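The chain below stands alone and is given as structure tokens, in the form predicted alone.
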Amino acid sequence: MNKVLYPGSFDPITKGHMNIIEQATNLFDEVIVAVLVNLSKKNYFFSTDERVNMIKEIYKHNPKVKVISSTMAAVDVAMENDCQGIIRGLRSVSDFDYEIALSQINKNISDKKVNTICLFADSNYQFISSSMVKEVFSFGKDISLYVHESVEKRMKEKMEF
């Protein structure tokens, strides 16, 4: 079985992330979406469980997508789940510079067992980031172009408290 890991914080998952997942499911037998927890980052909008559950809900009808969470490094999660690669979404040249260095480190850590596969979101999603979505949302603006309707609903519910 051809398995890849798509790691990220997904806080929240955006249509750009979803576009990358869609592309990956067309290329691989299984895509493991790993909601990673950065222990040094304290300002998550959604809890880990909330992020995992939202992604599971979106992909409940796609048997190729598995959703997990972890506090480990992405390369360790990939090896633990027998993934041949790690999917990374690229938006800009600065993303590429960072990802090429990270890919070499991951290859070294995994003893050359885990490769990095870079995918580009479709042009209408390339500019979207979770940070941008949260900022636009904080000003009370429409985010329906950037996130799945269920995510938008959850964000609105969370702000009602």
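Heads up: residue numbers just count along the shown sequence, starting at 1. Values in this document were obtained by computation on a predicted structure and should not be read as measured data.
Not pictured, yet referred to below: the form predicted in complex with ligand ADP.
Glu99 is the sole member of Glu99, Glu30, Glu57, Glu50 with a non-hydrogen atom within 4.5 Å of ligand ADP in the predicted complex.
In the predicted complex, at least one heavy atom of Tyr125 sits within 4.5 Å of a heavy atom of ligand ADP.
Put simply, Phe137 is far from ligand ADP in the predicted complex: not one heavy atom of it is within 4.5 Å.
By the criterion of a heavy atom within 4.5 Å, Met72 is excluded from the residues contacting ligand ADP in the predicted complex. Heavy atoms of Ser9 reach within 4.5 Å of ligand ADP in the predicted complex, making it an interface residue.
Residues from 70-99 that approach ligand ADP in the predicted complex with a non-hydrogen atom closer than or equal to 4.5 Å are Arg88, Gly89, Leu90, Arg91, Asp95, Glu99, in the order they occur in the chain.
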